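The chain below stands alone and is given in structure tokens; this is the form predicted on its own.
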Amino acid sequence: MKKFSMLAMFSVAAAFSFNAQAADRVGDFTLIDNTGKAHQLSKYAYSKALVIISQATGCTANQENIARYKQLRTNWDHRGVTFVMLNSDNKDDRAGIRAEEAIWNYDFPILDDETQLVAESLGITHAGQVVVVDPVRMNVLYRGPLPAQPANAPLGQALTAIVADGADSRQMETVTVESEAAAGCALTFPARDAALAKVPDYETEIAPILIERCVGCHVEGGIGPFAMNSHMMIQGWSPMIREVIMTGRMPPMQIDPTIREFTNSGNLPVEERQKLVHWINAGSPR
């Protein structure tokens, strides 16, 4: 990691510390927003960049910066930049997200990250952070606060670089600007922290989920493309298993539970999705 320093950023450096490194990558994901619409990262490939604003009910940084978020969108959306918000607060639910939007009129899609897995993959630690992603290469180009001088600060420079003709995010770096959580903006990640302290056990925690949710199709001669008949097989397919969980492609027949419940829906409970992804992130150990 190398220190990121530019003369035009001296005023920002007094308030924040920031670093640049080879671009972080994020996997594809699908989330449902406050209106019930699904958003998949890879389907934003028509955009030059996706700006994700971390949001939480009661976060003062969000509420006080609504006008600045909208101004940022006005400045960049005609240049191929798309904007969404991301709620990853484990204390919020879809109804609370809708109520917050009704009061404050953010006027952005607010994606419901109920498992917190997307926030984890993006490196988000608190609401009020802004993340810039290239939705084609899925490289993270900026992670930090909304600066006071967006045109000259790292956020503005990251956006300028990615919308330029011939821009290739593979040649860019992830700029991370450290900042403190404002009042009501702190996020906690209990499932992640528990998995870091003790990786979910394959035999007693992971295998039972797979047997219950997946093995009906993923057996020898079944309609699944591979059989979940050994730890080695599951470990080998772990990256694909993580992707289909994050994008909601598997199990099939997933229904938005805030719209209607179906007894035969393929929805994975939040806790099971967290366990599976955290286990895979830990290397799918035996």
Ligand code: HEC
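Don't overthink the numbering: it's just position in the shown sequence, from 1. Note that the coordinates shown come from a computational prediction; the quantities given were computed from them, not determined experimentally.
The discussion below concerns the form predicted in complex with the ligand, not included here.
Judged by heavy atoms within 4.5 Å of the ligand in the model of the complex, the contact stretch among the candidates 62-70, 46-54, 233-241, 24-32 is 233-241.
With the partner omitted here, the residue from 132, 191, 214, 110 that has a non-hydrogen atom within 4.5 angstroms of the ligand in the model of the complex is 214. No member of the trio 84, 94 and 96 reaches the ligand in the model of the complex with any non-hydrogen atom inside 4.5 Å. Using a 4.5 Å cutoff between non-hydrogen atoms, residue 249 counts as a contact of the ligand in the model of the complex.
Within 4.5 Å of any heavy atom of the ligand in the model of the complex lies no heavy atom of residue 36. The closest heavy atom approach of residue 277 to the ligand in the model of the complex falls outside 4.5 Å.
Among residues of the shown chain, residue 227 is not one whose heavy atoms approach the ligand to within 4.5 Å in the model of the complex.
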